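Starting off, we have a lone chain in the form predicted alone, written out as structure tokens.
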């Protein structure tokens, strides 16, 4: 009798990424000659800035194609540390930086270094789907906390206090959020850090005019978890932090979480703000005490990040490149300011104005209670590709869809017109 091969049992808990299936169908329609307005995938339409491309070409011509150190080239780690110092006023030792294959690689390193089988990780719902799946892959339990307009779709100190237990190994935040584009107020970030048992909160929080009310503080989390139990870690995904809009935004709210403590894990990368999606390059900033663990994981998981991309990324921090990127950030803001009222006028409910990233998370309940079916219907009948809320969790996901304003203004206008004609 022939035996069959079986996939690992844990794969039953790994959910599909529906937006990629929508993208596949959109590409098939394009192959048939239809023009598709892509508002589904979070990939900037701008090309990689020319100085970065030229630096990559020079690196190839110079034969920079061998493995690098597992944590990345010293030059790039130094450049990232300098960027934090100049952009955010935060001194980060290059020793705390690991260069990774995309921000996804950084997420995997951070979570693999923290999670034991059976550990809980607290995260917001809706939220980036790969976070849950990486946690499941490592044998952890994603603890999805429903969040809504009352907290701007972000976790708060009170929510964390309500759900943290002795089994909690990490709390995950995304700032700004995918899919909602909302920010975590700096006071909330500090309060969440305190709930993990962290004590090294920097003076920046005391300058925000949003002090934490001591009377509302529960017993510190490390006391709730027992004297011998480990602290929960704070893991913050800042891949969209360079894309924040609005002149009245509190500067402390747009600073890196690394300004609060040296014990925070921060994930970032070159894909979104820097426009290097296909170069597959990210970074992780971790507590120095974790770096040997991080290095061992990198050596075993992927050896090193792409060499040519690392050399090219050095040009990402040049003044001319940053000037180009800032101009693109302003264009993203203009797109948001067009698309947000246009979708509201069509009947989509978007109660919270996003402050960053390039997404609008819209309630489509007026039109459908099945976001996947609705996204497919819209794609087939209008040629507009959007993402079903089903990708982002279980919290009202059937009545939400995500629009990415990662295409030009002309396409956005045409997409709105197509939707108007169909939905009317």
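Note that the structure is a prediction, hence the values are computed from the model and not measured. Residue numbers count along the first chain shown, from 1.
The following text describes the form predicted together with a small molecule, which does not appear among the structures shown.
This chain is displayed without the small molecule, yet in the predicted bound form the stretch 98-106 from 76-84, 140-148, 98-106, 321-329 comes within 4.5 Å of it by heavy atoms. Shown alone here, residue 311 lies farther than 4.5 Å from the small molecule in the predicted bound form, counting heavy atoms only. Of the heavy atoms in residue 272, some are within 4.5 Å of the small molecule in the predicted bound form. The small molecule in the predicted bound form comes within 4.5 Å of a heavy atom belonging to residue 240. Although the partner is absent from this view, residue 154 stays clear of the small molecule in the predicted bound form, with no non-hydrogen atom inside 4.5 angstroms. Judged against the small molecule in the predicted bound form with a 4.5 angstroms heavy atom cut-off, the residues 128, 174 and 280 are in contact without exception. 178 is the sole member of 255, 188, 178, 196 with a non-hydrogen atom lying within 4.5 angstroms of the small molecule in the predicted bound form.
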